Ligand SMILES: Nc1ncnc2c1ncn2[C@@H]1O[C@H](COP(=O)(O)OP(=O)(O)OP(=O)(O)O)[C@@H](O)[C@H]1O
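Just one chain is shown here, as structure tokens, and it is the form predicted alone.
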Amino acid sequence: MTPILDVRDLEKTFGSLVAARDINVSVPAHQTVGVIGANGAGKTTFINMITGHLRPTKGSIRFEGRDITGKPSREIVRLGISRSFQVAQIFPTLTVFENMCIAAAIARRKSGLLGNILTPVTSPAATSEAEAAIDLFQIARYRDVTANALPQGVRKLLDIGMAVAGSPRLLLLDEPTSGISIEEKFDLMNVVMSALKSRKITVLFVEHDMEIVAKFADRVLAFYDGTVIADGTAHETLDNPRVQELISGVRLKAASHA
């Protein structure tokens, strides 16, 4: 079976600086993959190359068997890859519903300027998808609240919901629990992962909290110095001595892998 994402010999350099190198990753559909590593390890560079925000210096990226290497981010979104960012990308003065409608309308637009003009934000299709995403991410009680008045956790759910509004098959999350209190992190991720599994979306998520990674990732990629130093189940990668030495710093309790 063709993997949904297949990355071969991927490399990114900035002059003499090598930000990513020798990355070979194949991801089957419906898998949830955690991506870990210290700041500057190459995680975000990897995500940015997949989503078209950076053009690889060498190597190839295939999505559902199609070569997308170096394609612009807008085209990649239309093909079925979406992402969220560490800082929520939302319209702060608009309501939750209005934000979702805009995301759904943008996802449904045709390519080109004319397509942008002719995509109504409040079309029946866009509003229906917006309502579905609001329910899916359990934020209906905030439907008519402006985004700048939302609690941080709800802002995150809105941001991820907007990324899902276009029905992607692959979603990349950049630190979904960043800025969320310890008490809220697991509840937020339970909502997110339940929503994504119900839509059968393949997920790659960058995360620094090893307990979150251990609980929610089927598989974990560990980055160090621009390359992948471990790739396996959450248990295998997080128990890898080199990962513990260079990234996590501690050995997680066995219960964390349950």
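A quick note: this is a predicted structure, and the numbers were derived from the prediction, not measured. Counting begins at 1, following the sequence as shown.
There is another form of the same protein, the form predicted in complex with the ligand; it is not shown, and what comes next is about it.
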With the partner left out of view, is G40 within 4.5 angstroms of the ligand in the model of the complex by any non-hydrogen atom? yes
Find out whether any non-hydrogen atom of E129 is located within 4.5 angstroms of the ligand in the model of the complex, and reply yes or no. no
Is A234 close enough to touch the ligand in the model of the complex, meaning at least one heavy atom pair within 4.5 Å? no
At 4.5 Å between heavy atoms, is T45 in contact with the ligand in the model of the complex? yes
Partner-proximal stretch of 211-219, 196-204, 32-40, 61-69 relative to the ligand in the model of the complex, 4.5 angstroms, heavy atom: 32-40
Kindly indicate whether F14, L17 and E175 are, all three, within 4.5 angstroms of the ligand in the model of the complex, using heavy atoms. yes
So which of Q138, T95, S167, Q86 reaches within 4.5 angstroms of the ligand in the model of the complex, heavy atom to heavy atom? Q86
